[in-house]
Every structure is written in structure tokens, then in C-alpha cells.
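The form predicted alone is given below as one chain in C-alpha cells.
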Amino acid sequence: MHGPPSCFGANFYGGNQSYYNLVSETGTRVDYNNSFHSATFMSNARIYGNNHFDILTFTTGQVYELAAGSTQTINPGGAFIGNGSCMDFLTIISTSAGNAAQIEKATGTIGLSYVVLQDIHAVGGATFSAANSADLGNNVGWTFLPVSPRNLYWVGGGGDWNDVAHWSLTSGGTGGECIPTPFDNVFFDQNAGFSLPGEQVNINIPVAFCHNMDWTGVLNLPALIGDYQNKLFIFGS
């Protein structure tokens, strides 16, 4: 494999190149038909064309867009590592809603966890699974391991969305629950702990989720805020 032995934080335009080791610490765009021994994306990335990887690594809390109609191939004996966390899901979507991108592996297994998938088709013969994950539709070839919906109550007053100390299974209860998934209902009620007017709930991660959101009975007019780049998806009411 030729090309530079390693690259950091670059955009790859033109395509049809080979790289040994890519470590990208910033938002990255990859264009058209490259080959990588190892590619680690530590921030958001958009990937175009049909690329090949021995080892492809996506990072918790980030959003990865694969070009609709493209195929990202994990080579024989290779690995696709894509694990989010209870505090911060990893999101993989197509660049065009409703139009699928493909991840291909001929044999073996690909097992992801705490991911959100939409418009991603798994092809090629390997076994693809996603644990503690959300299927937002048009995902073919994946086995989604069961997730039980929860009712989560905000506690402890103002703070960051991804701080597990603010999520409880009971109103006014003890925090420590994993942050909401697209299946979970969230409640901000009279026991949410807002003792001063204008306290804030900060959407501090690139993508946050819930099913239904209910502010009935909340005290002291708290504010739901976030950076303009961060998103909150509500899948119910």
C-alpha cells in the first residue's frame, strides 16, 4: 500500500489513493474510492464513494454520514469498530434521507453498541448486530438487540443533557441512569430541582434524543438550550 504512512485531520479530495494510517481529529470529508489500512475518525465525518478499509473506527458521540448509494467495504479479516456509550450515542446515517448507503463485509461479524442507524444497509455475508441501539428506519441486514423503553425524570436542577446524574427512573429520585434514547420518554416536572428562575438544561452533545417530552408542572421557568450545531430529535410528542 502506497501513499503517506499516516495523516492527521485532513480532507481527502480526488480519490483513488491508498493510505496506511489515518487519524482524523477534526471534521473530515473523504472522497471517492480510497483504500485505508487503518482509518480512525475522532470527530464527525462525511464519506463519499466506494472506499475499502482493513480497520475502520468511528468514535462515540459523533455523527458519520455515508454517501447514499456508496459502499464502504471492510476487507476480509478486517474490523469495523463503532461503539457509542450510555452517555453519548454514535450516529451513522446516509447523506440522503430514505436513500441507503451500504457497509459491506464478506465474512465474520460486525457488532456495534449504543449507535443510532438510519438508511444503512449491511451486505456481503457477515453477521451485523447493534446492541442498545436505535433503528430509525431503512436499515437492512442488521439484528437490533432489544431495548426496553424507559420513563426518565430530570433531577438536580440545571446541567448538561449527557450528565447521567440528572436522569432518574422516578420523579425527584436518584440520578445515574443512561441518557435518553429515541425510545425513552423524558419528564421535567415539579421535582426536577429548578430552584431559581432561568436555570438551563444544555444540549451539549452533537445529537440528543427522546420519544415524548413533558414539562408539566415544572417550576421557575427553566430554559432548554444548546449550541447551534447540536440537535435534539423528538420521535414522539
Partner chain sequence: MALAFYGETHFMSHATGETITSAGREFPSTVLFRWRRRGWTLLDAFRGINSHTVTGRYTRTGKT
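What you see is a predicted model; the values in this text were computed from it and never measured. Numbering follows the first chain given and starts at 1. Basically, rigid core = biggest C-alpha set you can superpose within 1.5 Å across the two forms.
One more form of this protein, predicted together with the partner chain, exists but is not displayed; see below.
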4.5 angstroms heavy atom contact with the partner chain in the predicted complex for Glu65: yes
Exercise: Gln118 in contact with the partner chain in the predicted complex, heavy atom 4.5 Å: yes
4.5 angstroms heavy atom contact with the partner chain in the predicted complex for Arg46: yes
Contact of Ile203 with the partner chain in the predicted complex (heavy atom, 4.5 Å): yes
Contact residue in the predicted complex, chosen from Ala79, Val123, Leu136, Cys86 - any heavy atom within 4.5 Å of the partner chain: Leu136
Contact residue in the predicted complex, from Met42, Cys178, Val207, Ile55 (heavy atom within 4.5 Å of the partner chain): Val207
Location of the partner chain contact in the predicted complex, chosen stretch of 163 to 171, 149 to 157, 70 to 78, 93 to 101 [non-hydrogen atom, 4.5 Å]: 93 to 101
C-alpha of Thr26 off by 2 Å or more between this form and the one not shown on rigid core: no
Yes/no, Glu65 Cα shift of 2 Å or more between this form and the one not shown with rigid core fixed: no
